[in-house]
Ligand code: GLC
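Starting off, we have a lone chain in the form predicted on its own, written out as structure tokens.
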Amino acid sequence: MKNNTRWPEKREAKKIAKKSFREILLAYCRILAALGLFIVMVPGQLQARPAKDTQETADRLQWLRDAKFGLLIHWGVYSQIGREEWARDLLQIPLAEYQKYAENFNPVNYNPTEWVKLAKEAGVKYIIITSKHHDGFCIFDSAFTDYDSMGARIKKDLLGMLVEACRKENMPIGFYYSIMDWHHPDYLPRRGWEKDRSAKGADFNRYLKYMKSQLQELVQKYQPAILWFDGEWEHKNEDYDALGIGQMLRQLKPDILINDRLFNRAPGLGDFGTPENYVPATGLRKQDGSLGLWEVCMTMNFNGWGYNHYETEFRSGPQLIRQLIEIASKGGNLLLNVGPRPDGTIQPEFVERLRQIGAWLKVNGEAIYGTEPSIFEKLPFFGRCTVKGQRLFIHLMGWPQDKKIVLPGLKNKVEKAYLLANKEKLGYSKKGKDLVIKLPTEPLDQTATVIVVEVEGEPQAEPYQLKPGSTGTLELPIYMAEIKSQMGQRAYLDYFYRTTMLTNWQNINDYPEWEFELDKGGTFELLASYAYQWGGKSTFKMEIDQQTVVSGESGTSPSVYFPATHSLGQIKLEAGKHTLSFRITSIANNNALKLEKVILKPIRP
């Protein structure tokens, strides 16, 4: 902790603040006691006994479930270094040196009203900001430390200013809070490279007391809608009393939402799950198999969450819009990150993309906000579905050459079909169990054109399974695959001149996977259709039922935009369900091939 003699005026202010805070807390405790809620006070913290009823209610969670799109803001001392939020650890900056950055933090162009205005223009429905990141610096006026924005050159409650701006615009705001703290003298473990910081005399229980006090302070002083925890992986839940903290926070503010990271992502404890930079294939499921509340936190750039002066690679606006659609179609939220610059401004690359998303949502937001997941297990075209009441929203991201799309196994009677943007009516017909919709010549929006299908009754569809066609050939197009990723997904689908391909394949942990069913077994020729990337060849392997069946090196095709079909060998398969994955094992020039589809062609005896 900082030597308080360096700020005598602030030290006195802190004493007054602490006294005022405790008086408020005592008054609050009396109110809770009158309501029959019993709490135990100990110095510097509040320990709450289990609430009588902590069961989730639909009303408490529904606003977040409906919101679909949030803005995450990583901002603090590290922004001055310009090497993302882990700068102190990555660059091994000694605490005394980092202290100088903290003292000189002076975002003179910080305008929270403009931040909220931009968020609303982007179609954002809630904001989460880093109240304290792993470096321990607090962007709020804390009564429990001088290591905050009031002790920096700016001498302002930066968090409080944003809270006020959000309240004026009815924008819900939540706080990211790091359990890890590289500054506090009692937080353990130390960084491995900190040879000059002895852990002798450190007491993690003292740190825990400090953390609980700050969390009480944040809730009571600012009344956030969400507490978004991170940095939990260095300790078990019981080490930092995760359950006790959760109970305490919910008693202080019964409608507060808490993410799963407070509880080391243990299922069933947090209000919502937080997959990071990838989209779970079927969303996040509860223990009973039902869909839970979940939110993908994702960056626009690829190198960190905080401001990175050296960043040159960004996801495009259309890619981010399609990512939002993908997530909404699986019942989740997108929490999209920005890392403001040290002066408090948001860099143009982020602003441009947020405005692109906002422009699309202004026309098509009805197909995102408040929607339910798709009723279709798969769609045989490059598109996704969201549902609201008796309306299906079909987000078409590629325009078929025959100007038709098929909705497989739709059970409901259709009342009408039309384009969301201009209400132009579309023709449709039934073909067996499928609905065929006729499209205009050109899309209204190249990123995603939304088609509305209004039906009678609750929308339902037959179970769908990829199967061979009448000739016995099975095609596995990339748009019907799940793009898997361990973390940090970069590969995405894009519609080129005549087809959809997997592009930006830079991470060997990204891979497409298909589930299919064969009515009868046999021997099949394995083929892959792909276009090459500039700069060389890539090696790959194909797995069926988690067993490698073929490996090879990518050949060449006419261009990066026109795929060619390559024979990879033969495989014998029995009748039944199978899983096929196509994995890259090495990548040339930071990009693998562009994959269009895999084909299993029967070999006749």
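Note that the structure is a prediction, hence the values are computed from the model and not measured. Numbers for residues come from their place in the sequence shown, where the first is 1.
The form predicted together with this ligand is left out here; the points below concern that form.
A heavy atom within 4.5 Å of this ligand in the predicted bound form is found for one listed residue only; from Tyr110, Tyr147, Phe105, Trp228, this is Trp228. Exactly one listed residue, out of Asp494, Glu85, Glu217, Asp181, brings a non-hydrogen atom to within 4.5 Å of this ligand in the predicted bound form: Glu85. Heavy atoms within 4.5 Å of this ligand in the predicted bound form belong, among the stretches 472-480, 229-237, 185-193, 199-207, to residues of 229-237.
Within this chain, Lys125 is remote from the site of this ligand in the predicted bound form, having no heavy atom within 4.5 Å. This ligand is not drawn, but in the predicted bound form it has a heavy atom within 4.5 Å of Cys297. Put simply, Phe137 is far from this ligand in the predicted bound form: not one heavy atom of it is within 4.5 Å. At a distance threshold of 4.5 angstroms between non-hydrogen atoms, Glu276 is in contact with this ligand in the predicted bound form. If you check this ligand in the predicted bound form, you find no heavy atom from any of Lys330, Lys484 and Trp514 within 4.5 Å. Of the residues in 336-363, none comes within 4.5 Å of this ligand in the predicted bound form through any heavy atom.
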